[in-house]
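In structure tokens, one chain follows: the form predicted on its own.
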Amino acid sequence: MDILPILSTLRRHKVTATLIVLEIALTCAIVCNAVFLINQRLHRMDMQSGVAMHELVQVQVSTIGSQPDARARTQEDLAALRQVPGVQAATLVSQVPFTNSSWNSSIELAPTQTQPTLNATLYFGEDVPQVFGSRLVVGRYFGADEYVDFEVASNNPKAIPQSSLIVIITRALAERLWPGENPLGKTIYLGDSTPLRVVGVVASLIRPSLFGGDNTAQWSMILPLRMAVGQGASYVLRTAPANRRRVIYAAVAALKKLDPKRVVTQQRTLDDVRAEFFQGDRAMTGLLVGVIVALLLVTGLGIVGLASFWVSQRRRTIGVRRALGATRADILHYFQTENFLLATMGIAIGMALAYGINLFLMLHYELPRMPWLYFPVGAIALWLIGQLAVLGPALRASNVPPVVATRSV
């Protein structure tokens, strides 16, 4: 079809055509970035935890008054918890994944470094990787004789035996520190220059608060330190997924029986912890989906309204064309082509605007660059919506009889 008559018509309706082009451009820019942000949120919510999420429960208690026998009380608690029917393993850990706080430390590769290489999370607790279900990919777990009490290590790091200056790290952290090398036997230095020898590597273990962003989410370490009640730690129990609720109630009852004065501050599954942690991401995803639907609906209605207005304004022109031999298909294709040209102009402007918005988000919110694939996908979507929106008015235009059109002059 010759587009010159269409372009000539659009030049006579510059304001209306410009408005619809700008509407399509704005929709294209916002929708492309919104879809990209949704994908980022979904990817974030789907990140690997490195633990047996569906098998773990957390019970955290707070004891009134001082605890001079904290170590003995911890061992008594763990013995009682391990006797709860359905409990496969139990330990006291410094933190659990997907919380809003975490223990972190800077890491150096040499004791003389003036600036740290990176920052990583520290997990403490006896048999943490075994209870968590973190898969060992190389090396070994800690031996029972290698654990040191947390209070001893924190009060006098020099009192830690040489055999206990060891660490288990994640594969992502190992690859970041020694790309392509075998990490076993290598030494890292914590913020106070404490040397730690790598004895094991687990596949993954998420940082509790995702400190440092998603790119550093798997930079975690496990130290052979035993925790005691009263140090802000949590009991973590592993059981079959179907037994989790029952195990929580039984575990709380067992702890209360040992000390009725204790207050249970947390009793939940790790699935609940994860759901609460990503609540904001789910809300943002829902909001962005709503924005996309609203924008596409408004744009579609705008195209319908514009096309309907032009059909009513061009009844005489349509009638003349029909009288000169134009078929219904010709009229239909005319309006579809006209809309396609407007959509194409809007999409071209919208893509440039979408790229600019993405650069702004990269600069101010540390988002990655939007892949080029989003641009053609957004263009195709708007072309399809435009053609569907104009179809109704175009069909009405193609059904205008030549006689009716000429008599309406």
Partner chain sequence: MLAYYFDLALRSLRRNPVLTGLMVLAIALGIGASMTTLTVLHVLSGDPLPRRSAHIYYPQIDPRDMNGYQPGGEPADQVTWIDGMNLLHAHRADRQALMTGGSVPIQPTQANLDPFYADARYTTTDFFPMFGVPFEYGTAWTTSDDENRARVAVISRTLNDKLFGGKDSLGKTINVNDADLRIVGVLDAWRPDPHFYDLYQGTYGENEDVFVPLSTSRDLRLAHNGSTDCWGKGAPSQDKLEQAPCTWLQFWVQLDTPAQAAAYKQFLVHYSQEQKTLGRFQRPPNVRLRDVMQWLGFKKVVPGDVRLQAWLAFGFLLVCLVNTVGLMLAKFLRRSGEIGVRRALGAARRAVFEQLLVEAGLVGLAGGIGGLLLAQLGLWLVRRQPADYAKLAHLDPLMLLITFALAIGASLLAGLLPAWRACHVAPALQLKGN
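Numbering follows the first chain given and starts at 1. What you are looking at is a predicted structure, and each value in this text was computed from that prediction instead of being measured.
Heads up, the form predicted in complex with its partner chain isn't pictured, but that's what we're talking about next.
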For this session: Sort through V320, L287, L258, A203 and report the residue having a heavy atom within 4.5 Å of its partner chain in the model of the complex.
Result: L287
Seminar exercise, completed: Among L136, L109, L301, L118, just one has a heavy atom within 4.5 Å of its partner chain in the model of the complex, namely L301
Exercise. Exactly one stretch in 136-144, 320-328, 242-250, 109-117 has heavy atoms within 4.5 Å of its partner chain in the model of the complex; which is it?
Worked result: 109-117
Exercise. Within 4.5 Å of its partner chain in the model of the complex, do we find a heavy atom from each of I30, D192 and F360?
Worked result: yes
Exercise. If you check in the model of the complex, is N399 within 4.5 Å of its partner chain, heavy atoms only?
Worked result: no
Problem set entry | 4.5 angstroms heavy atom contact with its partner chain in the model of the complex for T337 | no
Exercise. So in the model of the complex, does any heavy atom of F309 sit within 4.5 Å of its partner chain?
Worked result: yes
Exercise. Are any of the heavy atoms in T16 no more than 4.5 Å from a heavy atom of its partner chain in the model of the complex?
Worked result: yes
Problem set entry | Any residue of 319-357 that, in the model of the complex, places a heavy atom within 4.5 Å of its partner chain | none
